[in-house]
Every structure is written in structure tokens, then in C-alpha cells.
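Okay, so we've got the same protein chain twice, two forms, each given alone as C-alpha cells, structure 1 and structure 2.
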Structure 1
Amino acid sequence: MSVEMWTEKYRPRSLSEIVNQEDIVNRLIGFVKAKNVPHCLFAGPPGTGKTTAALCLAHDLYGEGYRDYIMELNASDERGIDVIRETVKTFARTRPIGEVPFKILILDEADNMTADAQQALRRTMERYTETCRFILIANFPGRIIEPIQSRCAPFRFTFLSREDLTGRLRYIAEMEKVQLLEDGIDAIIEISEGDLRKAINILQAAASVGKPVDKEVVYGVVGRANPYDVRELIRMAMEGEFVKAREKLRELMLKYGVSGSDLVKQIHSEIFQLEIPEKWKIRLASAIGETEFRLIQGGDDEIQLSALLARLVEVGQIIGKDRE
């Protein structure tokens, strides 16, 4: 038997295997029965089953050979809307043979597309509606432009319940003959924050240690999986060690491949854990927001983040003086 990532090995194949998001599943089963699917917008936090639901829908609609009828694109990976448009054009040109007269295109991370790209996408969607239905997947439906939203059947995926997560983790542990202890489950659930993909990845990494999976093992692997510490970066800057902080920043981006925008988000959530006067937290949030905006505008990751670090150096100094 081949070894896989457990997230794939235990990904439900059919809608009937999905144990949560019941309302959504029921509506999708209705599409399968009618052999008709509208354009859809699957929105919700990561690891809540959006991609799985799309794949299961296709599977149930077309049968085992469903791969021939669908195409998966990831908006973050494709270079621009032109590539997407060309790909769609080729894919959707022909009507499939069989009972279902259309193909399905799954466009993941659609909310990472610019508004202009989405406008172009909208026209493409309209043009090929007869032969191709779109399932757009997004974390934030608000970032999908209104005209697309109004053409799509909306599906809102919510965080999985603690019971659902626990049940799934236990099931996988049992199948893989991994001893999963109660405090191990608690730790995984706490860290994964309702993201099942993350939870399963942690479980698989913890299982690879070769010991019963308890709290210690879980925290151990999570610590190893996150060798870089944004808190450390912030601390260096606030203590005035700009040069060191900048070196650290380079290491994170060049060695670990952390993107500037991910880093900005992590810095943002750390700011509120800092022991600094409350009013400064919100001032810093604004500075961080400005940095993220500049990155969206195309600013250089390192330069923009360095400027933010320099700002942290300054704030660290002011707060230090106030305390004296």
C-alpha cells in the first residue's frame, strides 16, 4: 500500500462520507440528483472541507472517471488572468459525452485575485456557462466582487465542531494504529483552531515520532515544525537590535520561504500579545496595516518589512522612555 499524506488518504471521496457541514452536503446531493450544478461559491476558513466538497460533488456526479470532467486551478499559482482565461477556453470548448452536459472548473483561492482579474473571470464564466460550471473557493467571500457573487450559489463553510474534529482524528488514529491520548487530542485541537487539514498534519507528524501521541509529543512536533519565531523578530526590533532583526527577516524569507504577507499577518496577531501599553497596540496595528497595503501595491517584501521593523525599534525606544 502506498504511503500518502493522511489528509489525502482520508479525504472523503463521496458526499455521503462527509460527516459535517450537513446543510451544504444536502444541497450538493440535490445537485447530483438533478444532474445540474449552478456556478458555486464555497467560502469559509481553511481546513473546513471546501475543496473536499467540490471534489466529492464531481465524483458523485460523474462517477469514478470524474477526473476527466473537472479541472482544478489555483488562482495563487496561475500567472495572471490571461492564463486562466486561456486554460478555461481550451477546457470548456467541448461538451462532455454522457448524461451531464457540462464540465466543472474548480478555482481555488479565488479571493486572491485582483478585482480586475475577477471582472475578466466573470465574463469568461458567462461565456462558457453552457459547457462549464465554476466552483470558486475562497476564504473570504467579501473579497469576491459582487457581480460574481450574484451569479453563484453561495455556500458558507463554518469551523468544524470539536466533536467532528475529535471523531475524525480518532478514526484516522485507529486506522493507522496510532495510540492517541486524550491530552494529545486536546493539544492538536487547540493548536489547529478548527482547521482539519492542519489537525491531521499534526497528527501524522506526531505519529512519526513513534511514541503514543500525548500533549508533549504534539507540542514537540509543532515546535519543530515552526522553527522560526515571529515573536523573536519583534522582540529584537523592540529592543533596538535592528541589524539582527533584519538578518532574521532575511533568513525567514529566503531560507524558510515565508512570504512577506504571511509574515505581516503573523506580526499583526503577535502585537496584541505584547506587554506594551494598549494604545500602542492599535498604533502598531495601523503601521502593520500600512505595510500590508504596500505589499499589495507591489512593494518589495524585505524593504517594506524592514521599514516596519525600524518603526518597531522606534516604538520600543519610546515605550522604554515612558516607563522610566
Structure 2
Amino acid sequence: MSVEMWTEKYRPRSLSEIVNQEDIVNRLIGFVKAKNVPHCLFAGPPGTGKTTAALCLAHDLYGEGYRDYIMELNASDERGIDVIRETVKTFARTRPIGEVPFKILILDEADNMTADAQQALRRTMERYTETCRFILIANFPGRIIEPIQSRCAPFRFTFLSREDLTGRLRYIAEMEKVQLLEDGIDAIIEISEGDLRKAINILQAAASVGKPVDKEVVYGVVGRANPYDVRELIRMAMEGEFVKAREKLRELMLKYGVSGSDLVKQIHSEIFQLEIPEKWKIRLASAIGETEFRLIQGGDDEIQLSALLARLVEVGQIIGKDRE
């Protein structure tokens, strides 16, 4: 198996290879044809192709030597005002050689920039528009000041569809000669929640085990419990089998190495699938939130989750009496 990270190895190189973002791709292709790009703000959840789209735009605009015309900065690491005044300004003020009269500066995770740095960037974008165009990438665009947002053309990326995720995972598995089973795909998609980068990383981690990639392997490498086991845990508690439920809890934590916080999140997801009155779903959601808060504050995983199981037992008993 290749030691190269698959997320980079199988990254699209051209705008025409990007899927599930048709409206965005069509607008960017229009910029390439006109050889003119405005300042852009790429916003949306992680793993949906924002950075890839920026690199593909540069590739299609400048050709194979596009790396000579762009600069990538990750604002979560280099987010101070000095970087904007020195590094960014130095790059932005020089005109490139070639038929495209401007360079592109890609500022990843721009929503992590300090307020002072954003104010400095605002002026730089305005002053050096002729020689440099900025592509700001953010998961939370609301953290970017309004004057910068108003200078940019907005692009809103959405989560990839199940079909697109499945197709890409199958393609990578075929190229890497990995046996990817159907339930393995389902598990990866459930865990990744539309984040393609996360899905590919999970696939690579699961493939490194050297076994066919099924749901057990996937849950094992990511440290999450099988949803079936979580549902069984809830069923035992709701039916009053507290001791058995607690034993199941300890088994899950030892078998999968899952943390208390992750297990609470899975229980939270499963609670809303239960066939119980809505008022009890509300109360259980409140109890789960309290448990997660206590875990974040440093509470012991096993003790807090056992207390949550006790609440499930109590609710199950009350619902049973109401039905009688």
C-alpha cells in the first residue's frame, strides 16, 4: 500500500473533476475562460472541496506551472498582523510574468485570523487588486469581518451526497486493490458525515489493517462502537436490565476503545430513533447533555455513563407503567 496520503494522491487536479458542486464549478470555469478572477470567499463544512477547488482553479488558469503563481497560507498557524503586513503584502505587490496579470493568494482557515490581521488584510486586498486576487477559505464565514466579505464573491460549499462519497471510495479501493465491503462503505459514510477527506482517511486507516474493510474493521480503527451494539445497550437499560447494560457498556469501552464523550454522542443519535413519546426524548436529550458536560469537566467516563444508564432505566420503567 502506498505510504502517500490518499487524500492528496486522489485529489482532483482540474475543475472538471470536482463532483457535487456543479453551480460553484460552473462559475469558476467562467472565471477561467475570462482569465479574470475576483476576490473569493469559499465557505462551508470541512472536507467538501474548498481548498481543492482553489487549487484546481489555479491549475486551470495558469497551467501545469500554477504553483509559481500562487501562495498558500494557513491562517490558523500564520494569522497575525505581521504575516499580513510582511508575507502577504510582499507577495501581493509583485506582478507575475505571463498572460494572466495577477497571482492568487489562498488563505486557508481565514476565519481563525485575528481581528487586527483581518483589518490589515482588508486594506491589502483593496490596494493590490491589480496584481493579486485573494481566495479566503473558511468553515465559519460569520467570523470574517463584513468589509472583507463585501469585497469577495461568495461560494457556499455543501456536504457531498452519499452517491458521490460511495463512488469515490469504490474508485480509491479499486486503485489501491483494497477489498471494500458494502457494510464497510456504510460505516465509513455514517462516521464521515459527508466529509470526503475524513472518509478517505478512514478508508486508508482501515485498509492498513490488512483485512477486508467491513464495518467491524472501520469501527475498530476509528474508536467508535457499532451502532447495533449501542442500540442493544439502550434496549437493555430501557427494559430495566441495568447490570447487563453496564456490562455491555464496559465491553464497548474495552472492545472499541471508545471514549465516554464519543459514546454519549452515539447514544444521543440513537435516542431519537426510539419509539417512545416525544416528551421522554426531550428529557433524555437533556440528561445526555448533562452527562456530556460532566465528562468535559473531567468526570469519570464509566461513572457518568453508568449514571446515564440509570436514567434510561428509570425512564423505561415509567414508560412501561404508562403503557399498562
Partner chain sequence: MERTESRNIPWIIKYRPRTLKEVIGNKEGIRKVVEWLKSWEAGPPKKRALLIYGPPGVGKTVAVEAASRDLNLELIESNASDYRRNSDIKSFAGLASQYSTLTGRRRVILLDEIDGISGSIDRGGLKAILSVIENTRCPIVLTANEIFDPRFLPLRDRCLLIEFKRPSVREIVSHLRRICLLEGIEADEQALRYIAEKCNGDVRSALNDLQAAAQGLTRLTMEDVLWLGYRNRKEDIFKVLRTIFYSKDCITVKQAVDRTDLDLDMLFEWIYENVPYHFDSPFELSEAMEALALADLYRKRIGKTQSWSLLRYVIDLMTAGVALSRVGRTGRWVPFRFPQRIKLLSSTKKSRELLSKIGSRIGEKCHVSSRVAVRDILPYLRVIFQNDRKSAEGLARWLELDKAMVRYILES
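This is a predicted model, so every value here is computed, not measured. Just so we're on the same page, residue numbers count up from 1 along structure 1's sequence. C-alpha atoms forming the largest set that superposes within 1.5 Å between two forms make up the rigid core.
Legend: structure 2 corresponds to the form predicted alone, while structure 1 does not. In this overlay on the rigid core, Arg235 has a C-alpha that sits 2 Å or more away from its partner position between structures 1 and 2. With the core superposed, Lys279 shows a C-alpha displacement of at least 2 Å between structures 1 and 2. The rigid-core alignment places the CA of Arg67 less than 2 Å apart between structures 1 and 2.
After superposition on the rigid core, the Cα atom of Asp116 is displaced by 2.6 Å between structures 1 and 2. Core-superposed comparison between structures 1 and 2: Ser261 shows a Cα shift of 15.2 Å.
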